[in-house]
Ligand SMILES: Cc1cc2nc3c(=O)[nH]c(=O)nc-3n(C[C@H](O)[C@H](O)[C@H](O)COP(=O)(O)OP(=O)(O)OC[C@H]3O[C@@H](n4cnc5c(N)ncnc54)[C@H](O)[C@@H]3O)c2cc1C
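In the block that follows, a single chain appears as structure tokens, in the form predicted on its own.
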């Protein structure tokens, strides 16, 4: 089925509790013509309600995280892993770290708050803030590793700054994790006169008693004046020695909001009306910790962010449909379930407070039910398309039958706008002439090598796809030892408005241009068309001396086989399409695809590589067989040395593989000796088609170790995986061990 033309871009910035609910509701009911994009620095989102349980050791990390890649795919949304650093509301672009700004028509900000450490000297450098949660979890995992491997047996001194409910839950969780029978000391610090000032007297008494029973020292009425590597200094001049200082107090707005021109309150938070709309910019909505509803003083609590999610999703949909939005009505009193470390909790509402194991079971049931809402969604492409966007019926592409042939070419306006923006930001773009073809004159009589590749986008981030496509297409030139010279683009963008097509084309080519600039390649022209999905490819030209080319046919007896990248991108991308891949697995695959082969090729050539090929669509086995047939050699592979991306063995074991893998596997079986020694997973790895894969090279045995060391020093995840043998007829021999 043809997808609807893209009429408007809804961009969600931040993977907080409110925006993930927007995605969930769009997964259940989409809007034709509205493209949704989630921008998040992380590919998972930690649920704050389960954080104390994780710190205490009751939940594994995966249990408290929502997979944003999977959620975005279920909603038919693009996922862009990037850090937002600014906003230009006049141009309607969100600024991102290390890559071009992204355009939006409607924006939702759910970016959370940052720890209020800047006002206290030394806190930024030495304290471990609880927020952002993912940052805290990474540091906590490091601390646990340090603690469990510490052979000195020295008691740990922990200070937690902040005597609210969050600080109390954290210090109780830490106490349980460290163990009551140990000599570790924990201290809770609070600047105000009272611990848990926001709770009723009964709840306060219960929790204070629990802390006292655990030997946790509480110090209310003293503000922290400074933080150092060995502890904190209080406002009365006294010093408390801590090995770890956890910061669980205060919240500050992200600093970049100050430069946006958005209306903000006295604390710097985005000021919104009760419909969660910016009071200064009606096309921007905001929710969660980064926003404050005009005329209210709501505490910054995950409870409100969760409850705002439904209203935010409904109002964004209503805005797209041209309907009146509705107000968010916060509850003034609500049930709170506060974990106390072990499987025990305090339930409190208003002045009522009760505690026990039953309260933990209740909290655990509520939290797991919340997480289940985001784990039982349709896989990519299965969501209902929904109704079109009637508010945009007058748009220039609505209800228009799109032509084929040359009628599918992008219009002059989006093309020229995208190329003008690209030329102004990337020196690698040489599109100043308006001739029908590029005029190229090879320098110094060198031989010109040419290659071409094109494929549909395997990921939804257009800029990263541009990086990957450029790396993939340049791989053939690197494998032959050529110096990349020029490129012609073939770009396909989805049907949509001129503005969306211009933005999409720019993002694709801007990603590629970052690779071309690194490799000294000039983008000299190309062709662009409309299609159902994004696609990108390049005709690339390289230069070399004819006698200096690296060929597949140069492999000799005894040469060592070196592979420069781990395998598994095909299986992992297939698993993501089926909703069966973990976000961190896809992060690893994308990171591998974003690394170009140019540096590795230059190292291999400098160490006398006798033959090279890039490992792409035919998989390792297919490309190795090509090299062996060209060189009239056999080879021995060391199965245990072949690198695999994290997660690939799990997805292959569950029968998930690329659609090209069965054909690759059948071809490989014709050339393997004792193929029965390989497990189905091993065969899956050998047959897996790679996108922007690494190089496979033969290197003289006496230079192999030095070559490998140079590759590793340069950042390549390279390994020696085999060796060439005299031709005996079997092509590839199997060795289950390592080299």
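Residue numbers count along the first chain shown, from 1. Since we're looking at a predicted model, the values are computed, not measured.
In what follows, reference is made to the form predicted in complex with the ligand, a form of this protein that is not presented.
Only one of the listed residues (484, 619, 288, 466) places a non-hydrogen atom within 4.5 angstroms of the ligand in the model of the complex, and that residue is 288. With the partner omitted here, the residue from 630, 303, 191, 430 that has a non-hydrogen atom within 4.5 angstroms of the ligand in the model of the complex is 303.
Proximity of residue 110 to the ligand in the model of the complex falls within the 4.5 Å heavy atom cutoff. Taking non-hydrogen atoms only, residue 16 approaches the ligand to within 4.5 angstroms in the model of the complex. Residue 172 falls outside the set of residues with a heavy atom inside 4.5 Å of the ligand in the model of the complex.
Taking the partner from elsewhere, residue 63 is found to have every heavy atom lying beyond 4.5 Å of the ligand in the model of the complex. Although the ligand is omitted here, in the model of the complex all of 45, 48 and 130 have a heavy atom within 4.5 Å of it. With the partner omitted here, the stretch from 48-56, 23-31, 694-702, 709-717 that lies within 4.5 Å of the ligand by heavy atoms in the model of the complex is 48-56. Of all the residues from 72-96, those having a non-hydrogen atom no more than 4.5 Å from the ligand in the model of the complex are 82, 83, 84.
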